[in-house]
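First, one chain by itself in structure tokens, the form predicted alone.
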């Protein structure tokens, strides 16, 4: 269970996010909305990479499936946005299981290279307008806003709070995962997969479980991403995006919620603060990333694994 200090920290963090838009202009509200969306995707990536210890560098696939599901069902088939949400969650789950099942036995670099290949195939399929519904290289534009009880969530502020709600849901989900039997299984699986099998943990099942749960959260984030820009395009879900999500977890700290949030902030918000320096900001940012990994090889906010948390020993 969370101690009082952690509850206080999370309370301050969430309260800050609630009141922050009232002090920002529309451009910065948009930047912070992107931060919230990418935080959800990064936290979902952490389930596979940080908690299950699997090198998945194709996570943008599930993010993209959620986004494209909403855009296609709305623009091609005329579905209301709210009706597309279950599909945007279930389709990435199915895809994650189908893609991961044949390769779940792979380790380290082999799994990493395979997931890169999947991501490249996914992006090329979108660019080639597969089944004539993905819009090709230009993507899909003009997606309708979300309507709830005849109230349209079309303003930048409303999208921000929708993204905030999805982040809150993700934090609750991960907290529940940490205190559950699957969370304990993933922890031991990450520490030593062979030893986990010896004590009766079904390692194949829990690896697929990690992929499915992370894909569901990434797909849900994809819905909000589509609503924010009213459009989707292949470039938003290419291999480079997967590299960014992978890097966020490593830079922030695997299995560390504060670390992943900080990593997302440094990856997507800090560069915007120095936009006036044009391309030079990426040079400075790249150097900063290298120095962080040298000085903090376990991440900005690492998790201490020396002592097993008490909730992991509970039945």
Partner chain sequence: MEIFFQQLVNGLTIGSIYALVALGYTMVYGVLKLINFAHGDLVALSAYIGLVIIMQLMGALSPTILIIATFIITIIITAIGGVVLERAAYKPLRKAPRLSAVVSALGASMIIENGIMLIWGPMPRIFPASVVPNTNYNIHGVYISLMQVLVLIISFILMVALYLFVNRTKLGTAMRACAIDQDAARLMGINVDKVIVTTFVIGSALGAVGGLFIGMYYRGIYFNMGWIYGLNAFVAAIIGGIGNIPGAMLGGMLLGIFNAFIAGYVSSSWSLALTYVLLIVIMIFRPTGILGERVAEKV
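Numbering follows the first chain given and starts at 1. These numbers were taken from a predicted model, which means no experiment stands behind them.
Unshown form predicted together with its partner chain; subsequent notes refer to it.
- Options 78-86, 221-229, 141-149, 106-114; stretch whose heavy atom lies within 4.5 Å of its partner chain in the predicted complex: Going by heavy atoms within 4.5 Å, the stretch is 106-114.
- Query: 121, 239 and 250: each with a heavy atom within 4.5 Å of its partner chain in the predicted complex?
  - Reply: Contact check passed for all of 121, 239 and 250.
- in the predicted complex, which of the listed residues (60, 36, 43, 49) lies with a heavy atom within 4.5 Å of its partner chain? Here the answer is residue option 49.
- Query: Just one of 133, 125, 168, 153 has a heavy atom within 4.5 Å of its partner chain in the predicted complex. Which one?
  - Reply: Comparing distances to its partner chain in the predicted complex, the residue within 4.5 Å is 125.
- Message: Although the partner isn't part of this model, could you tell me whether residue 94 comes within 4.5 Å of its partner chain in the predicted complex, counting any heavy atom of the residue?
- Response: Taking the distances in the predicted complex, the answer for residue 94 is no, it never comes within 4.5 Å of its partner chain.
- Would you check, heavy atoms only and a 4.5 Å threshold, whether residue 293 touches its partner chain in the predicted complex? Output for residue 293 is yes: heavy atoms within 4.5 Å of its partner chain.
- Verify the contact flag for residue 297: yes if a non-hydrogen atom of it lies within 4.5 Å of a non-hydrogen atom of its partner chain in the predicted complex, no if not. Yes.
- Task: Find out whether any non-hydrogen atom of residue 55 is located within 4.5 angstroms of its partner chain in the predicted complex, and reply yes or no.
- Result: Yes, residue 55 sits close enough to its partner chain in the predicted complex that at least one of its heavy atoms falls within 4.5 Å.
- Which residues in 199-222 have a heavy atom within 4.5 Å of its partner chain in the predicted complex? Nothing in this stretch is in contact.
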